[in-house]
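Next up: just one chain, as structure tokens, the form predicted on its own.
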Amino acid sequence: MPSIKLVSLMVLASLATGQAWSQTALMKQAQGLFKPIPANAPPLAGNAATPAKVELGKMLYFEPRLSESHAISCNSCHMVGMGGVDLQETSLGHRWQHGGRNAPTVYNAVFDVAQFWDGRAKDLEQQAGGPLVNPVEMDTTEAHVVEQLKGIPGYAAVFAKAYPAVPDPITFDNVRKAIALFEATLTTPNAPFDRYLKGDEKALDANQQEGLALFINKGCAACHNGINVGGGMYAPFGVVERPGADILPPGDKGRFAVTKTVSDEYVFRVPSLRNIALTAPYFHTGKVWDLRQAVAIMGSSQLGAKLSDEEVGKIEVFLGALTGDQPKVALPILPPSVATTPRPKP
């Protein structure tokens, strides 16, 4: 993969000689740093997909009765049709509690190195179980998830179809596995940038290409690279200059809470920039609602660069080219409760 420094030198040399940045050279550099999202969902290690499992996972993703209050589903905080987020600074959970961090998008999360801002879940399967048992989010228990689903008669046949070789298929592990398989289908291929990476120079207009060149030249691509234009590594927030306490609260030390390693203080998983124009507010605090402001903050905090308004604008225009085809999901018809189904506990 070409180094960011090499790309920067090529851009600067081009500008110094008064030559236009070569479209072909820019595309080649981009193709070395980024990859297009594939048309089909990737396989999950140790969790083979079948249509029946994916359909079950979709039902469970939209199932509010998995929460203690019967009012919150996975889709409450990661809404299909809204960029995979909830458009809140921090999500509302059980008994109107607010979560501690902004809800990351579920779209393309399958390509991230780990899940959650601090990477405490290694994959989608592990992540899927977290909110269920979190007292601030869905506030249930593993045992009650099983009790609840077994108390809804219609789920017996659906689980049996998804896991036909298992005598007792309604288990917490199978709930997590099925949800993860559905979430893995929530990808957004065919963004203008994807088409560009596949060789279509006209997929990005001149302004977007200028924004891409700046994105690479200024150093953004050092962390925001790969298939998800981010999501593949961890980085401290405030490498050069720490933002204010509203954006980087001193009490939230990020990955340090997972590793207990001092060097991981204020380190977070680098977020994917896929569909970033749809997923405000930004950062783990959700305190920034303007994408232009977010770009400027990242320039000063991470790169030590004071980006001009024109540069910020061009990078923002490029980021708009990361919006892909949004998943089209038919809402599932969930099986009804009966008199003996466990009732909500608001």
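Quick note: we count residues from 1 along the sequence shown, nothing fancier. Worth saying up front: this structure is predicted, and the values here are computed from it rather than measured.
FYI, the form predicted in complex with another copy of the chain isn't displayed, but the following is about it.
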| query | Just one of 62-70, 29-37, 297-305, 44-52 has heavy atoms within 4.5 Å of another copy of the chain in the predicted complex; which? | reply | 62-70
| task | Report the residue, out of K161, H94, K253, H144, that has at least one non-hydrogen atom within 4.5 angstroms of another copy of the chain in the predicted complex. | result | H94
| query | Since exactly one of V258, A121, V113, M82 fits, which has a heavy atom within 4.5 Å of another copy of the chain in the predicted complex? | reply | M82
| Is H98 close enough to touch another copy of the chain in the predicted complex, meaning at least one heavy atom pair within 4.5 Å? | yes
| message | Whether Q88 contacts another copy of the chain in the predicted complex should be assessed with a 4.5 Å heavy atom distance threshold; does it? | response | yes
| query | So in the predicted complex, does any heavy atom of L334 sit within 4.5 Å of another copy of the chain? | reply | yes
| message | D290 versus another copy of the chain, in the predicted complex: is there a non-hydrogen atom within 4.5 Å? | response | yes
| task | Pull the contact list for 323-346: residues with a heavy atom within 4.5 Å of another copy of the chain in the predicted complex, in sequence order. | result | Q326, P327, K328, V329, A330, L331, P332, I333, L334, P336, S337, A339, R343, P344, P346
